[in-house]
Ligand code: NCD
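Given as structure tokens, the chain that follows is alone and in the form predicted alone.
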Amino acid sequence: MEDRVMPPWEEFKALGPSEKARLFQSGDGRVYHALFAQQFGRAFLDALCETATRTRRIAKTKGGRMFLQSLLQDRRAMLYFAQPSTRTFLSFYAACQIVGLHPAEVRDTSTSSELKGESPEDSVRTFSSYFDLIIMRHPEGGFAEKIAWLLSNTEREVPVINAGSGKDQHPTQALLDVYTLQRSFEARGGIEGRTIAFVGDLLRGRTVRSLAQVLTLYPGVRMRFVAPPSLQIGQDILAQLSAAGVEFELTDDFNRVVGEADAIYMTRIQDEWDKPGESRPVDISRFCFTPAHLKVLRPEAILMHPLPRRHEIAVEVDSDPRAMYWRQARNGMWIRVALILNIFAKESEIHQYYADLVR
């Protein structure tokens, strides 16, 4: 990445996400470190979705798959997942394989030198000596940006993708959620003007936080936050929505919102963030999607979930064509392919191959 001056860590840490995002942006507007939902502008999102769609079209043929695997066959990626993950890890792992990146992994820090007392920062800086991309999930909020800041002050800066950071950010989940919304509504006017309902544990759900921020880029979007009072969305997100002029509502009337929404985004209780011995007895039975709700859900609406789920969506709902959560997971792999291609400036090769394919 081009030379630039980064402020000292304490000064950098005090900046807001948008200010931090500007410091990490490449001179050509390209994403280098993918850390915050605030990095993604509307033009970037539209272009990334187009790259994802064209890439999956190319991958339908054997020749296309071989072409994709040639793009980054000289590069290596480290998947450093210090927090349990199935979908996000495998999604990134598969995305790396699609474009020829050679992936390695650390998924259990008890098998690494961290058990000997090495700091996580030193561990990741070591990874940067061997790999050309670091994809990381960490329970500590802000850790991915700390690593990106650290590497920007070394002679071996490599891009960092935040695959989930504490309770605050999950930017690539926001990308796949937007991609799912775009594909669902592209033949019906797009995302603009839609009513999106978020349901469940909104206080600690980093997927909701990231997606709500990204949706401010789509004019006329209305948001409904449906949760028990103790799990309602944080005031920091509401302040950002107000500043962006977004219409939103906080409610616990799930049954009413089901019939109004164009998209319903269900979430599970995030009790992994509870402190040891802490009890959070919250009745969520009124915030579960049942087969009876399918009769109320609008015919053109969609039902989403970042997964994993517990009981908030009945399994009987899975076969309904409006249930998009399994397609969400597949969309996640392709949008992460597109993000990796963007980081390594390979989109032009995708578009040229696609043009030759459809000619």
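Since we're looking at a predicted model, the values are computed, not measured. Numbering starts at 1 and runs along the sequence shown.
The same protein also exists as the form predicted together with N-carbamoyl-L-aspartate (NCD); that form is not shown, yet it is the one meant from here on.
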| query | finding |
| --- | --- |
| Partner-facing stretch of 118-126, 205-213, 243-251, 139-147, counted where any non-hydrogen atom is within 4.5 angstroms of N-carbamoyl-L-aspartate (NCD) in the model of the complex | 205-213 |
| Heavy atom within 4.5 Å of N-carbamoyl-L-aspartate (NCD) in the model of the complex - residue from I58, L45, L307, V317 | L307 |
| R222, R76, R107, R268 - the one with a heavy atom within 4.5 Å of N-carbamoyl-L-aspartate (NCD) in the model of the complex | R268 |
| Partner contact for Q173 in the model of the complex: N-carbamoyl-L-aspartate (NCD), 4.5 angstroms, heavy atom | yes |
| N-carbamoyl-L-aspartate (NCD) contact in the model of the complex: R87, any heavy atom under 4.5 Å | yes |
